[in-house]
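Given next are two forms of a protein chain, the same chain in both, each as structure tokens and marked structure 1 or structure 2.
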Structure 1
Amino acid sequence: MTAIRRIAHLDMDAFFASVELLRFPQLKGLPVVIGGGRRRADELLRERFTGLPLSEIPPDAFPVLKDYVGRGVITTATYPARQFGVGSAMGMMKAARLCPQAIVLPVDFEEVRRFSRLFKGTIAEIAPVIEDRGIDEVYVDFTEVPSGQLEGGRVLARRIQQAIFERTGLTCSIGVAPNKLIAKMASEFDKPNGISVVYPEDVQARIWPLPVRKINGIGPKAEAKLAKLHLHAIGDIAAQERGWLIDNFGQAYGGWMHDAAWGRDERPVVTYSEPVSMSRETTFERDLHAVRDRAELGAIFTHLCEQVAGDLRRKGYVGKTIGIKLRFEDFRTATRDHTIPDFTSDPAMIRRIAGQCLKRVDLSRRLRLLGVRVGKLAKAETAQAATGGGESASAHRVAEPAPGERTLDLF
């Protein structure tokens, strides 16, 4: 007999915030948001409370949103903070208006990554077929795992949940379903610390009533377009002819949307995939101008190139498409890239090509963000060694700026 396909989606509950609460248990039950800032909260607080254990620092000594200055968005909000309408990806300043008393802590990436490795390692000991979906999420294929079929996967999900809690003190929510698409939706049904099991025959009752936005792959743009067509629930999409959806959304997207609404998804759980690109970008504390802030901008640019080069080398990759990303004060974005004949991870080469890309952009408006990207990656040991100075053919093919554009030969 063949096993029935059972796929789990596991999502850590308020991950970044929960990791901080392990260190600062006195904040449990309070509205806390994570995001912004460039220094770790424990460093900031340790200066003021020398000698006192972190867990004994009084909650009213922590920085709060109404005192927050600067750019940035919320990475995670605790459930008490969410009661005020504060949520991830929200601008700090807007969040401060909604919940000025919320405690703000910066992200401690090292600590978060450590817990990420811990919880993923814990799952791997129980169910080895795992697909990484970022720092706080994974898909797990239950199909071939002993006990993976019991109660539709609930028994195994419970075991994983308990093992993660014992190892880390953190909770997660799990959805188990016939495929990734439904499992992803199911993991949200009973948050936090819940388990939801969905069977193929449940699609009509449990999936169709949900808003279209709950489908992983339908974002704000597609949602708005669907709303104009009076389609709001997933069931509304399912009720349309496939051909009609294709006429309105294109062959690929329209067809996919029809399948998704009917709960059809055959994508496998992919345990490993090669990276396509690596990049570094930064939003400045204030908008910078190519002329007036030339030195500052130049230093940031060089640093970004060095960081990408460092990332490539640390991970053992080289690339041949080098690009930049700019965001202007009006939030419009421009990208330029250029492909060179030989693979590289050399910071000076990246800097030189990225500098050529920069010259192709009109820099009369002020900038809020600068980024450097390297794509077309290959493993360093399998790619032919980048011959230093092998740029002969490439330099000539860099496109000219559009006529009438003001460019600045700064970099």
Structure 2
Amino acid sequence: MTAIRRIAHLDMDAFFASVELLRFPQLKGLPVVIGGGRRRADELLRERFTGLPLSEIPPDAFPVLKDYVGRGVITTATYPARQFGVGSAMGMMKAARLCPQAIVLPVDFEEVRRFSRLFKGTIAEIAPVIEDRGIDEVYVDFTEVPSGQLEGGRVLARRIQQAIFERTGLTCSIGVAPNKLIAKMASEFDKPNGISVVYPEDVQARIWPLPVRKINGIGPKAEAKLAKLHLHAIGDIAAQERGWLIDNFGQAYGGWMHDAAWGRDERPVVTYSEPVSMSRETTFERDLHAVRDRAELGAIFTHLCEQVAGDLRRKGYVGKTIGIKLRFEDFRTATRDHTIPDFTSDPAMIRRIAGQCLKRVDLSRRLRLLGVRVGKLAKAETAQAATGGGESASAHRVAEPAPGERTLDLF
């Protein structure tokens, strides 16, 4: 007998915050937000409470949102903080107005990445068909896994939850459904630490009442257009003729929207896909000027290039297209890139080409963000075999500034 298709979406609960709570268990149950400037919380607390373990520092010693000065956005928030309306991607200052008493901690990216690898490795030991969807979420194909059909997948989901908790001390929420589309919605039904199973016959009762934005793929612009057409819930979309949706949203998007509203999704769980690019960027705690803050910007720029080079080498990739991203004080963004003849993961080469890209941008305005990107990737061994081995270390000429662009010799 053919097994019934069971696809799970696993989402770690308030992942960045939960990792911090392992370090600071005394903050459990309190409103905590993760975000803001560079990580110095541990160092400052250690200086103030010399000899005292981090886990024993009193909660009232931690910085709170009402005292936060600077910019930045919330990466994530604990569930007690979310009750005040604080959420991911919210500006720190807005969050401070909603929940001034929330404790604020910066992100420890290295620790978060370590736990990401740990929980994904734990899943792979139980159910190996996994699609990586980011640092804190995956799709898992339960269909052919032993016990993957029991209770619609609930038994296997519970086993995975328990294994992750035993390995990491972290919780996750899992949705199991006939496909990826519904599974992703279901993983939000019973957070935190919940399991939700949706069967095909549940679509009308459990999916149709949801807002249209719950469909992964309907963004704010589509939501606004749907609202003008008086379509607010997923069931409102499902009630429309397919042809009517195509007339209003186009052949591909309108047709997809109709299928999504009816819970149809044949996408497989893709166990591996090549990355398109790798990048690193940072938002400054204060706006920096290319001339007056040249030394500080130069150090940050070098560090970003080294980080990207480290990411490439750690994952076994090289790239040909090197680019930069700038965001100015007025929030306008500029990008420039250049493709070189030979693949590279050399930090000096990346910095040299990225630096030449910077010369093609008007840098008279103050900067709030700087990023470095390497694209057109290939596996290092494949690229070396194709070129006879070795990476190019020669400098490459990039395009001259566009007419009218005013440049500064920044780095």
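Here, a residue number simply tells you its place in the sequence of structure 1, counted from 1. Each form is matched to the other, and the largest set of C-alpha atoms that superpose within 1.5 Å is called the rigid core. Owing to the predicted nature of the structure, the values given are computational and were not obtained by experimental measurement.
Undergrad: Just to confirm, one of these is the form predicted in complex with the DNA and one is not; which one is it?
TA: It is the first structure that is the form predicted in complex with the DNA.
Undergrad: With the chain divided into two rigid bodies between structure 1 and structure 2, is Val140 grouped with Cys305?
TA: Different rigid parts.
Undergrad: Rigid-body rotation of the smaller part against the larger between structure 1 and structure 2, in degrees?
TA: Angle of the smaller part against the larger: 15 degrees.
Undergrad: Enter the rigid core superposed C-alpha shift of His338 between structure 1 and structure 2, rounded to one decimal in Å.
TA: Shift of His338 at C-alpha, rigid core superposed: 5.5 Å.
Undergrad: Can you read me the CA shift for Lys376 between structure 1 and structure 2, rigid core superposed, in Å?
TA: The alpha-carbon displacement, core-superposed, is 3.2 Å.
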